[in-house]
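Before any questions on binding or motion, here is one chain by itself as structure tokens, the form predicted alone.
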């Protein structure tokens, strides 16, 4: 079945920037701080007076994303706390009524669109600010109806007032069922507003793509998917959390999603002034430099394969081209076991250095690699084959071949 045209860019995007930004950034203890610390909303809402976004320049965010090799972005327009980053006419608990006094979401949309990046909106269906959310699932029918109207009104604003929106990224559908969310009708209404929009599966309907969180798990063939991950241990701003993923970690994750035909949506948490932490910027820029040298193995690799059992790391495929991502670097020799097609050419992708190829029984042996990894993040080997890659690890020379009488 041919993929609809509106989905094709997403199927090839591979890498996007997720940004969790809201009042929780003022406290710097992650996006669930209201819930976990049991704040009263009257006290929590006062944080809006400190949320000034003084240094917020979404153009620099967009340039960071582009330089990092990302092709789309998703910003939290409203997280579970209920604070809206746009000039909402439905909810007064919003950015224009905070110290920022700006439509922060609108500026993001314009900046990323101008940078040539696809634009996504995260929207939490759950809402700690609006008491009708909890009253509704506790059995108050009038509150439930008000909250459904509230949800539709907010989403209508987002998908009407800001031009083309490419992704709708739902979250926190818990407490209501898909039927109670009226998710099918809701999404039908929103698609009438934005016919090309891509919607995730977190309103309890399958929609366009799956969203494994904090792990890479490929969806079945034919199903779009995206792994969302934090760069450190938190989604929201947390200056005390300096346990960041390394550039190599991210490169390995990118190679892994590419091998399964998916995307990586990598999150950063800006501070309340609108600055992305320096360490996060440095890591993203380093990965961007790696992608400039090795991006062919990520963006151009769209075919699934069966070469998962190896000692070095992820493998991606495009046609007759096979890309070996050397998460583990073994020195100047690399053996590929069970590869069926012949190798016409082998080279280090980033430098173009040619490699020598020999065959021995069920082994394809690559030699003349540098003794040390030529890429400080992760070296990629490109193999050009005489056919599409096939892999057979069922034929192994062992005891059954040498002493068949003992096996029988």
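Since we're looking at a predicted model, the values are computed, not measured. Numbering follows the first chain given and starts at 1.
Omitted from view is the form predicted in complex with ligand GLC, to which the following refers.
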Look at the stretches 330-338, 307-315, 228-236, 150-158 and give the one with heavy atoms within 4.5 Å of ligand GLC in the predicted bound form.
-> 228-236
Just one of 275, 118, 80, 102 has a heavy atom within 4.5 angstroms of ligand GLC in the predicted bound form, so which one?
-> 80
Answer option from 71, 202, 321, 245, heavy atom within 4.5 Å of ligand GLC in the predicted bound form = 202
Non-hydrogen atom contact residue 122 with ligand GLC in the predicted bound form at 4.5 angstroms | yes
Does ligand GLC get within 4.5 angstroms of any non-hydrogen atom of residue 171 in the predicted bound form?
-> yes
Would residue 303 count as a contact of ligand GLC in the predicted bound form, using a 4.5 angstroms cut-off between non-hydrogen atoms?
-> no
Determine whether any heavy atom of residue 249 comes within 4.5 Å of a heavy atom of ligand GLC in the predicted bound form, and answer yes or no.
-> no
At a 4.5 angstroms cut-off on non-hydrogen atoms, which residues of 19-48 are near ligand GLC in the predicted bound form? List them in order.
-> 20, 31, 32
